[in-house]
Every structure is written in structure tokens, then in C-alpha cells.
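Okay, so we've got a single protein chain in two different forms coming up as C-alpha cells, structure 1 first and structure 2 after it.
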Structure 1
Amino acid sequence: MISQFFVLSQRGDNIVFRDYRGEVPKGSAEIFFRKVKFWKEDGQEEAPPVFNVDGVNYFHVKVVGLLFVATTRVNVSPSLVLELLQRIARVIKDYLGILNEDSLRKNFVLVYELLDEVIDFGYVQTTSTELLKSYVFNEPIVVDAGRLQPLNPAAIFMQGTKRMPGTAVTKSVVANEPGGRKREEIFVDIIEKISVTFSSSGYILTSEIDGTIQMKSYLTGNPEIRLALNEDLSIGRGSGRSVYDYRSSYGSGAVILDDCNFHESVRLDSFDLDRTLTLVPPDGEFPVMNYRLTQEFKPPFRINTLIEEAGAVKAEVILKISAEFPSSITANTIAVQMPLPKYTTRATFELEPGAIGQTTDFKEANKRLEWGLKKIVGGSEHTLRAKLTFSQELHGNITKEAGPVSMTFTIPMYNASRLQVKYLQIAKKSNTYNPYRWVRYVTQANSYVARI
């Protein structure tokens, strides 16, 4: 049960606000934003997803730069409320096509209608796009995606020199094309978030993949479809298969998942036999399958760090990133961060000759080195040298007081687990159906850390 729901912009502007129970003061949005903006508690620089202020519990998630927030005075399950916020964001995106501040402001009437159907007096009714179509009657005002910057790096994919259409992330599931035509398309994405921890010598200490097969359907009539995965896919660590077993006919190797779960619409009648999923896709975007893998896999990047003292109050840091994926693939929006000793007063940077699209910064307030790269081509290496100046001659072990190095990135058309969609088959044939015979892959860093 929640008391309020609101959406704030990055500036703290209140875009959407709905008070369901009248139990929380009206100024809660301002209190929340001020608390999040200047969070300094528990030694953390960012506010946790759940916290309490003056007896009010605040829950929030950040989606494409927008803050989706719920408040309540009662003791409710945090995971339940956070999942609700994610689902509300997904439903709004299904109806608007593009989820950003501009689309929310132009479609505020539709958004409020959706909220009133999703939540009644603080209690959740449904978060299904399919069911909401029977109760929501406002038409979305479609925002022109061509004028906007990509909201998510996964929204634009390249395959060779051909740009893949972004229909799945920029169109509403309820709005027709101009002229009243209905799009008959279906899109499948495999999105993987990887967590890797390297030792100071470069060995992998921990590794994990959290993956999702995401589908977005524009098919009318809700036809039955079959989705085929790797034939050599194994579920459970006791499957007896080796992660280095390369008996696959496609050369991708065996895929061994620790565990997985499926959407309620998925039938597993033939899954054990030939690894195919049968389902009737509901309208909108939904996860067909969630999975987790902790078997060893080849990480896309290697991070090497070297710290050398260069005098009584000086030291030099050398960061080297190696891209260990094919040269036909390019990683985007790479950000590297490294905490420095608290007595660091100055940092100067030296990039490799001819470096393009790279930025460096020293955050003096929290003593942190930041290195941004616009893109990294597979097989390449990039190096950063940072010269540090300290405020005192007597200091401890620099390598113990610096680091670890953390990294975030997005790699379109790459998946570390080697899970593949072999084919997508629609049971009911129709000349109007246009299922693309490709699947979009994207790998993102969930936690990518190298110790020093």
C-alpha cells in the first residue's frame, strides 16, 4: 500500500503527482529531492533506493533520468514497491512510446488515467498493458523520436553499416501508424548485465550475469509464437556440462544457466525436448525469460592498474583498458572511476597520442578520478596516466588507500553468456506480419570492479 506517487525531473520539477490517501504532507516531493540531492549519510554519495524521513518511507528508482517515487507511512515490502515503480514506468513507456520529460508533459492526461487504473486508494490493481487497454481511452500524443537524443544506449544498434530500426523503443503499442494502419511487428532483445571483480594481478575473483529476454509485440490477434534457444542450453549447475564444451553446431559453446524463470504466458511443453518456448505475447513490452549465470565467462574488458610513487608528495597512476571482443563490435558510453587517497590535492592527466572522444576529471570534493570514453572498438587498448600531488609527505600505503577501479559501459550486439535466439516462428501466417529475423543483444556493466 502506498500513499503517494510522483515523477520528478533531474532538476527536481514535479511532472506527475498523485496523492492516494492524504497521509503524507504535500511537500514530500520537495523533501525527497532535497534529501537525494544532498545525500551525505552513511558515508554514501548517493541515496539508497529506500529511506525514511520524519516517519515517511520514500522508495525511488531512476528511469532514463527521471525519478519515479512512492511514499508511505506503513511498513511495506521494499522489493514490492520498487518493482511496482519499474512496472509503472514500463506501462507508461508502452503507451507513450518514448519515456522522457517531454512525452510525460504532453501526455499528462493519459498518464493520470493510467495511474488511476493501476492504483486504487494506494492498492495495486494491475500493471498489465494488455488489461489496461480495456479501461484507458485517451490516445497518446506521439513525440517525434527523430528530434530526440537516444534515451538509452541500447535504443540504437548497429550491425555492420546498417542501422537497425528503433521501432521497439520509440513507438506506442496503442497508437496506429498515420492513415490508420496497424504495425504488425515483434521485437526481441537479449539484455545482459554483468558483474565482474578482478584481483590486483588481473585474475577474475567473481563473475555473474543477470540476463533478460525482452519482447515487445505489435501483433494484432495475439497469435501463438515459438521462440527457439540454443539446443545445448542447460539449466542448473549440476547439469554435468562444462562451460568450455564447444559441441554446438553454431560454434557458440554450451550455455549453462544457474537458474531461470519465465513470464506467465510462456508454455514449456517442449522446452526440455528442443529448448523452444511457446507463448501468446501480450501487448507491450515484457520479459519472456530472466536468467542468471555464475559459470566463468570471458569478460569483455580487462583493467590493469599501476601506482608508482614519484617523490615525497607525488605519485603516478597508469590505467589500461583492453577490449577483448571482436573488432566488428563497438562499446559505448564507457565511464571509469577510481577513488584516490583522501590527502590528494591535485591530479593532472595525460592521454595517449591521438585520443578522440575521451574526457578526464578530478573530483576534489570526494577525491575521485574519472575517465570517460565515447566508444571503444573491440581489440583495442586505451591508457590513461594521472600524476597525483599530495598534501603531506607522511602517508600510508597508496595502493591500499586508492581504488578499487570501477567501470560502466554498454556493448550493443554482444552477449557474454552466448545465449542465442535461433528463430522466431508465428503459428498463424499472415501477410501483414513482419517479424524481424534478428535479435538485438546488449551487454551492460552491473558491477565491473578491479582491485589495486
Structure 2
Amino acid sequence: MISQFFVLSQRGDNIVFRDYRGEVPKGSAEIFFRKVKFWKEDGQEEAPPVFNVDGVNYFHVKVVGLLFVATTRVNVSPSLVLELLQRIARVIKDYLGILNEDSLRKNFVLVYELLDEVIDFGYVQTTSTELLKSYVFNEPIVVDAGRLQPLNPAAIFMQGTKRMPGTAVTKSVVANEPGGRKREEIFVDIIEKISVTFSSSGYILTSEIDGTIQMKSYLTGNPEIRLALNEDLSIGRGSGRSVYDYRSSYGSGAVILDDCNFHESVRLDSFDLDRTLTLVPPDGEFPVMNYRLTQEFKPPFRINTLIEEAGAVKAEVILKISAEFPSSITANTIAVQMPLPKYTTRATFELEPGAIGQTTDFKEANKRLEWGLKKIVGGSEHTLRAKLTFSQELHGNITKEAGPVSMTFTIPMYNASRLQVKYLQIAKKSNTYNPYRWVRYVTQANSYVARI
């Protein structure tokens, strides 16, 4: 049970403010914002998602730079409230198509309307976009998608790749297409976030894939859908022993999930038999299935780092990135970072000849090397040389003062786990009914780190 719900902009302005129970004093939004902004004087630690000030519990989640906040005096379940806040953001996004400060400000009356139905006297009534449709009457005012901040990994489909319809993920569930009629289509996105830690000698210390099969349906009449996954998919590695057992089955082709969970609309009647999920997708965006894998997989990038001392106050860093995926695939928005010794005063960079779309920077304030690459084609290799100058003489081991190297990237149409949607079957209404089906894969780095 919550007492208030509000959304604050990055500057701390109230965009939406709803008091459900009148138990928390009026200034709560300001108290909250001040606390979050100045959590620790040195600004080094960020405020946890839940904290208590004078007996009032504040919960918040950050979505596209906005703060979604709930307050209560009651000792409630924190995951319930945080889950709820996230869900409210999703419902609003389903309605507005695009969720950002601008769209919220333009549509705040609609948002109030939604909030009245989602929560009554602090208790959740429903968060189903589907059910809410019959109670909500405001039409969304659509904002320009041009200045869109990406809300989720699927948003990358809107950039560049022509195979994807540009407006799909930003379409409101209630607004009609400009043409007046709705397009029948359904999106299934397989989004994987990978975490890998390489030891200084290049061995994989830990690796994990956290995946989601996300669905967004614009099908009228809510037909039943069957989603078939790899037939050799198995779930649950032998419990008791370590799940990090690399001797198991790599290369045999089988996909072994450590564990997974499902959206409540999913029926698993035939899952054990043929790995098929059956569901009637509700309106709006939702995760069909979340899964986790620690089975060994081939990391898409190898990182080599070499640091050589070059005189008493100089050193050279050589960073090499090799893309170990097929050349038909291209990774984009790659960023490589490496903390340098505290006493570094200057860094000069040397890119390989003919390099295009690459940027380099030395962040003086936090002594960090940054290397950005627009794209990397599968099978290629890229190298960066950086000459460092120090303010003091080197003593001891320079590798103890620098690193680790971390990397972020996005690889469309690639998934490390090899989990696949074999087919997507829509219960047919008639012979002519043939909606668009989009099945899309994307892999992103979560924590991709190489120690030196």
C-alpha cells in the first residue's frame, strides 16, 4: 500500500503528483529530491532505490532520466512497490508511445486518468494496459520521436537498420496510424545482456547471459500465439554443484538455461513436450520469458591490453579488440574505457591507419581513457596506442594502478546463447489474415571487463 505517487524531472520538478491517502506531509517531493541529490557529500555514492526519512519510506526507479517515486509509512514489500513503479512507467509508455519528459508534460491529464485506475487508496487495482483501455478516455498527444532517448534495448531497431519499421516500438496502443486503420503486427525481441570477466591472462573468469523474450502485440481480437523455442533447450543445471562448470556440453549445440521465469499469460502445457509457449498476448509491451545462463559461450570480443614502461615518467598502452563473430554481423556503438594511474597528466593517442568513425579521449577529471568505435564488422581487429605522461616517477607495478578495461556494445541480429524462436504461430481468423511478425535478436554488454 502506498501513500503518494509522483514523477520528478531531472531538475526535481513535479510532472505528476498524486496523493492517495493523505498520510505523508506535503513537502515529500522536495525532501525526496534533496535526499537523492545529496545522498553522500562527496557525491560518490548514489542513493539506494529505497530509503527512510522521518518515518516515511521513499521508493524510486529511474526511467529515461525521470524519477518515478512512491511514498508510504507502512512496512510494505519493497519489491512490490519497485515492480509497481516500473510497471506504471511501462503502462504510461504503452499509452503515450514514447515516454520522456516532454510526452509526460503534454499528456499529464491522461496520466492522471491512468493513475486513478491503477491505484485506489494506495492499493493496486490493475496494471494491465488491456483492462485499462476501457476506463481511460483521454487521447494521447503524440510527441516527436526525433529526439527520442532510447528506453530499452529494442529501441536500437529504430536506428539505421532498414528492415525494421521505424515507428513500431514507439506506437501507442490506443492511437491509430495516420492512415486511420491499425496495422496488424507483432514484435518478438530476444534481448540478451552478457557479462564476462577475463583474467589478466585472458581466461574467462565468469560469464553470464541474462535474456528476455519481449513481446509487443498490435493484433486485434487477441488471437492465441504459439512460440516455439529450440527443441534441445533444457532448464536447470544439476543443482548442488557449481553452476560454473565449463566442461559441460559446449559445442554440442544444446542450450542449457540455469533458470527462467514466465509472464502470467504464458501457458506451459506443451513446453515439456516440444518447447512451445502458448499465450494470448495482452496489449502493450511485456516480457514473455526471462532466462539466465552460465553455460559457456563464445564471447563476441577479445580484449588484449599491453602496458609498457617507456622511461621514468612515461608509458605506452596498447589496446587490441578482436571481433570473434561472423563477418555478416556488425556490432555498433562500441565504447572502451580504461582507468589510468592517478598521476597521469597527459595521454596522446595513435589510431591504426585508415581508421574511420573512431574517437579517443583522455578524461582528465577521473583519469580515464575512452575509445569509441561506431561499428565493428565481425572478424576484424582494431588497435589503439596511447602514450601516457606521468607527474611522478614510476615505482612499483603500473598494472596495479590502471585498469580494468571495460567495454560496452550492441550487436543486432546476434545472440550469444543461441536460444532461438523457431516459429511464431498466430491462430488464424481467416485465410487472408496474415499479420506482420517481427522476430529480432540483439546482444548487449552488461559488464564486459578484462583485467590487466
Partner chain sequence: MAPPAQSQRSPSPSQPSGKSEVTDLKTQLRQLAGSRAPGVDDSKRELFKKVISYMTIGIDVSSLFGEMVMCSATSDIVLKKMCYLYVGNYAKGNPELALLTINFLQRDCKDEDPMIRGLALRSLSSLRVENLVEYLVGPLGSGLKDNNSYVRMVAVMGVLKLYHISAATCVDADFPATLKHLMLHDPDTQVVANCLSALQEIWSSEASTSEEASREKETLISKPVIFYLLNRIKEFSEWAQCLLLELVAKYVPADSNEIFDIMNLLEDRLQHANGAVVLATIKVFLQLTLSMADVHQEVYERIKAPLLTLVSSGSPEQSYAVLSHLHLLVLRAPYIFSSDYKHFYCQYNEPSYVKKLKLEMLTAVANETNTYEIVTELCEYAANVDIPIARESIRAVGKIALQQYDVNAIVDRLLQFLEMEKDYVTAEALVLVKDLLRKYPQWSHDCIAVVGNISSKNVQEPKAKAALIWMLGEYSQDMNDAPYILEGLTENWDDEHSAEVRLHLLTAVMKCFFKRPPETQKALGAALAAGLADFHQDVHDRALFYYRLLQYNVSIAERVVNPPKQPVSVFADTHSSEIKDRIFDEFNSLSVVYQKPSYMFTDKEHRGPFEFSDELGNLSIGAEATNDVVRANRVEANDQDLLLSTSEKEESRGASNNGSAYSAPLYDASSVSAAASQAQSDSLISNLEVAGPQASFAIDDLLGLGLPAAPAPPPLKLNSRAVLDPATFQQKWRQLPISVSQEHSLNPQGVAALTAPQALLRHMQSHSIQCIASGGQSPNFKFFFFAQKAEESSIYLVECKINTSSAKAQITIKVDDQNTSQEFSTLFLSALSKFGFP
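Definition used throughout: the rigid core is the maximal C-alpha set that superposes within 1.5 Å between two forms. When a residue number appears, read it as a position in the sequence of structure 1, where counting begins at 1. Treat the numbers as computed from the prediction; the structure is a model and nothing was measured.
Between the two isolated copies of the chain, the first is the form predicted alone. Once the rigid core is used as the reference frame, the Cα position of Ala89 differs between the two structures by 2 Å or more.
Comparing the forms between the two structures on their rigid core, the Cα displacement of Thr294 stays under 2 Å. After superposition on the rigid core, the Cα of Ser9 moves by 2 Å or more between the two structures. Note on Val124: its Cα is shifted 4.2 Å between the two structures, core used for superposition. The two forms line up on their rigid core, and Leu115 then has its Cα shifted by 3.7 Å between the two structures.
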